[in-house]
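The form predicted on its own is given below as one chain in structure tokens.
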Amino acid sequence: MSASANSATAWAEQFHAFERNGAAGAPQWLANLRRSAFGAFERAGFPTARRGNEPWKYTNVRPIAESVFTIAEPNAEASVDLAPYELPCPRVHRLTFVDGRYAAHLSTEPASEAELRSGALWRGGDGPVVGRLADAVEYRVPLAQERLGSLASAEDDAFTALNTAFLRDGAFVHVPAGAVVPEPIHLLFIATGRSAAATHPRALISADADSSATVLMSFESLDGGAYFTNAVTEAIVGPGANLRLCALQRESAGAFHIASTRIRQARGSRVSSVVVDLGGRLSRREISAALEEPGAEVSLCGLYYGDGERHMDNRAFVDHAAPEATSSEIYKGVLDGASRGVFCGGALARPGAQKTVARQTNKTLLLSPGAEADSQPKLEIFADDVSCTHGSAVGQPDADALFYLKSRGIGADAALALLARGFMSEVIAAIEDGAVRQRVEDAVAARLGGGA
């Protein structure tokens, strides 16, 4: 039996055990959703880089497909020092998950049993609802049943199917209509680094009409094991809402990190997304936004840093399904050693989507001759009154700037790090919340300086 067949058998065995034990007592709609998702995974299998499979042309997930990962055992009572992950602000709404399971003692506002049963938590009032997705399901919160799985289809992607099949814990964020949340909402996912462990983080975010909030999702590691994180996020953004998303990924050097984010926007809504990938042996991130009504606006920004033999794949796609909508994609990569960075940007202007404005930019800075960059900005235009542009550039550090810094007594490594930080600054500056921006700046500085 091949290694891939062994892996497929192991996932099937785990899923059936999960149904008997971990998923026992789930409502019927969720049980059906899980079974349907695992069926989709079994039919599709893990994607391959074979000819004709364009989305996976540059990224080979065979190391994942041929490994036998086991669902991480509950470790919610683990002792974790949160100091390295705290945001520099007086108040934050933080949900913490350790090896995929909610950790109440590491979260800022753990709900009491009375709040959960009475439904007080889910009403939210003038503030946000920040709670466990598992609780929202257990206590029959209508919004959870209505929207979970509505954007991230198991039929579209094998990794999304696997995440949905093993859906057990995760984050549920609901910002009521008109609510303005000044402090950031922090969804913190910590892997203890146990080798061959798999977690499937899930987040459901709903921002109702004219609301405003910032959500940071952090993926951190306590150790350097070879484990697998498979994350899925769904964000539904109502009319006039302003949602600011940020994802910071700092997994261990041996980890595999797959992430998918699906966004749906209504009339006049605004979404700003910044993703930062600094870790992992192999990382692949897909983000797509559907601008379904006029006046919607989305900004998708990303930066990634690779060294050694790291492989990073970023894919961004915007579906202009309505007229007078605007999108911007700005992704920057810094590659050192023998690392490889991949970017695929896409924007679709459907028939009737007049007055579409779409911009795409991808720039990569190569710090070593062994690094490799692949870039594919794409536009599909089926409307005749649009303004759409795309561009891509790959280059080395400016020799004159490097000489200038070195002539001022700055060492070669420090000079390269300064140039790289300056190159990345445009993306970091797109983070509107000051505390989140500072957290990302510190993480980037530590990474470029050789820190974890």
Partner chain sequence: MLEVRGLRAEVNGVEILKGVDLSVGAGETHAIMGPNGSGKSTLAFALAGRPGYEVTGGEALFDGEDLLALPPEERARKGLFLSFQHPVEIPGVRMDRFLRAGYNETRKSKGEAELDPLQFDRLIRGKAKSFRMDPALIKRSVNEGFSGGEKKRNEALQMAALEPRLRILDEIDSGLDVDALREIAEGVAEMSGPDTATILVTHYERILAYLEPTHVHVLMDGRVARSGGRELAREVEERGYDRLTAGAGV
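Positions refer to the first chain, counted from 1. Note that the structure is a prediction, hence the values are computed from the model and not measured.
What comes next is about the form predicted together with its partner chain, which is not displayed.
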**Request:** Tell me the stretch among 27-35, 400-408, 42-50, 58-66 that has any heavy atom within 4.5 angstroms of its partner chain in the predicted bound form.
**Result:** 400-408
**Request:** Mark V427 yes when one of its heavy atoms lies within 4.5 Å of a heavy atom of its partner chain in the predicted bound form, and no otherwise.
**Result:** no
**Asked** Do E432 and its partner chain come within 4.5 Å of each other in the predicted bound form, heavy atoms counted?
**Response** no
**Prompt:** Is E19 close to its partner chain in the predicted bound form, meaning a heavy atom pair under 4.5 Å apart or at it?
**Reply:** no
